[in-house]
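One chain is shown next in structure tokens, namely the form predicted on its own.
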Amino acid sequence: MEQLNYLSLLPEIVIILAGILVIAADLIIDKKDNIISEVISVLGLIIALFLTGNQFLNPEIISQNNMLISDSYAVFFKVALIILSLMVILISSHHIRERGITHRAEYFTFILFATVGMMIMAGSLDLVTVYVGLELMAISIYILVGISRTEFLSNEAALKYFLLGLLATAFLLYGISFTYGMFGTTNLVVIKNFLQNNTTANSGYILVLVFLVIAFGFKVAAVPFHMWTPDAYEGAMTPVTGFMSVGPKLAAFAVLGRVFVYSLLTLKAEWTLILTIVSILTMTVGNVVAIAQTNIKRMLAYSSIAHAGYCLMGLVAAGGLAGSLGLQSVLFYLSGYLFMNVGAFSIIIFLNKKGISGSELDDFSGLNERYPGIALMMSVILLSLAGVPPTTGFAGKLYVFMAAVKSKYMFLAVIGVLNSVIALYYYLRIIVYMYMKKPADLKEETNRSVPLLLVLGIAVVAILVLGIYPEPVLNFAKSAAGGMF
């Protein structure tokens, strides 16, 4: 590798070193109440964020070899992933102490390693590298989901996620092997060039597409590969749920964009048909089943499934006349989704106390009387998830629907709008509970840690700013998406 390639990999190297230092420091400093793990993790991520931003501002650092690339597309996702990890570590610090998690160093290390795996996926130019990054991410998250070893739900969630994750990995490996059989390579650039020079249809291509859609459909929780989602979200510790609800989606959509929109664009007629069907099923099933949920974490799980459907609509549009606009809308949507989901799970953590999980619908009863500021912030988050202006949720859906219409997928946009109306019901139901129900207990103690409140404040401000003034992030997304065409 050339020197520039090493420079472009500095963010990942820094985060890996931070993870190793966290473990080493925990062995050296024998104090159970120390915060050295959090401090090292946060500093490592901040340095990595600076280095990643520097790649975008200094294009001469951007480079590639046969396996990895650090272009503006990869940088966009890396910035989002680092911000996500920073927020999750900050909301975890006080919560894991209250939950009695003694192996804190391992907890933060696996968050860092999972982040590196997702960053590798975002910058992969070869399906083998995608697999390596995916496994680093997946193994770390399997452990994080089951890190509350004394809790039955956590163990059950980890086992289900692990077993179904193995199945998805098997489909990915089959997809990679069939890809190699069809094209004689797993390199995305070589595959792109091969398809451009060989336009003859081959039925084997459909098999490759199906295997890849199944593998990454699992990671984005698309229907019918979503079965693990509600149980894993409910059983995992709440900060882990927030992390896994956003991180794997970001990484998987980064790969889907790179594989389908860039490498397999010649086969767009085939994969847009497959993704159109999956998008409709994902939106509809996610929103309809969410209506019946009384556990907020399970409701957000099905909400997460529905949001994956909206993003898949953007990918379909990227394969049509909208082109770059479709992929740009997906990138913008995901950036807003990051703040919405982390904010929602932060409020669940805030309400968590002994005897109250903070994740049941009744736990939100009369929240406005107890904590009017928290109720207001939760309302903003919920309205954004529903797609109500002037929030980032509205802006994100607007751009996705516009891209679908421009690509002549009017019916898909109409289905998306109808699903948004359905979603409005179960989001507004929580607001009704917060403002119109009587509180059960006016004197409970909550998780008032400063980092948690800081993250919650940042999330709400970002939701409003991205909804009112989306241009900076849109321009970043436009620059990132443009390189795929």
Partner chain sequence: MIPLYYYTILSAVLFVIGLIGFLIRRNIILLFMSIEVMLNAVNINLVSFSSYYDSLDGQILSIFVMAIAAAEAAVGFGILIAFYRNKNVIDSDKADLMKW
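Residue numbers count along the first chain shown, from 1. Just so we're clear, the structure is a prediction, and the values are computed from it rather than from any experiment.
Not on display, but discussed next: the form predicted in complex with the partner chain.
*Asks:* Although the partner isn't part of this model, could you tell me whether E360 comes within 4.5 Å of the partner chain in the predicted bound form, counting any heavy atom of the residue?
*Replies:* Looking in the predicted bound form, residue contacts with the partner chain do not include E360, since no heavy atom lies within 4.5 Å.
*Asks:* Wondering, does A395 line up within 4.5 Å of the partner chain in the predicted bound form on heavy atoms?
*Replies:* No - in the predicted bound form, heavy atoms of A395 and the partner chain never come within 4.5 Å of each other.
*Asks:* If we define contact as a non-hydrogen atom of the residue within 4.5 angstroms of the partner, is E156 a contact of the partner chain in the predicted bound form?
*Replies:* It does: once the partner chain is placed as it appears in the predicted bound form, E156 has a heavy atom within 4.5 Å of it.
*Asks:* Spell out, yes or no, whether the shortest heavy atom distance between F183 and the partner chain in the predicted bound form is within 4.5 Å.
*Replies:* The answer is yes: F183 has a heavy atom within 4.5 Å of the partner chain.
*Asks:* The chain here is shown without the partner chain. Which stretch in 374 to 382, 98 to 106, 295 to 303, 338 to 346 comes within 4.5 angstroms of it in the predicted bound form, by heavy atom distance?
*Replies:* Of the options given, it is 295 to 303.
*Asks:* Would you mind picking the one in V132, V388, L265, V210 that has a heavy atom within 4.5 Å of the partner chain in the predicted bound form?
*Replies:* Checked against the cut-off, the match is V132.
*Asks:* Please pick, from V128, A269, V414, I277, the one residue with any non-hydrogen atom lying within 4.5 angstroms of the partner chain in the predicted bound form.
*Replies:* After the contact test, the surviving option is V128.
*Asks:* Going through 135 to 165, which residues have a heavy atom within 4.5 Å of the partner chain in the predicted bound form? Please give them in sequence order.
*Replies:* The stretch touches the partner through E135, I139, Y142, I143, R149, T150, E151, F152, L153, N155, E156, A157, A158, L159, K160, F162, L163, L164.
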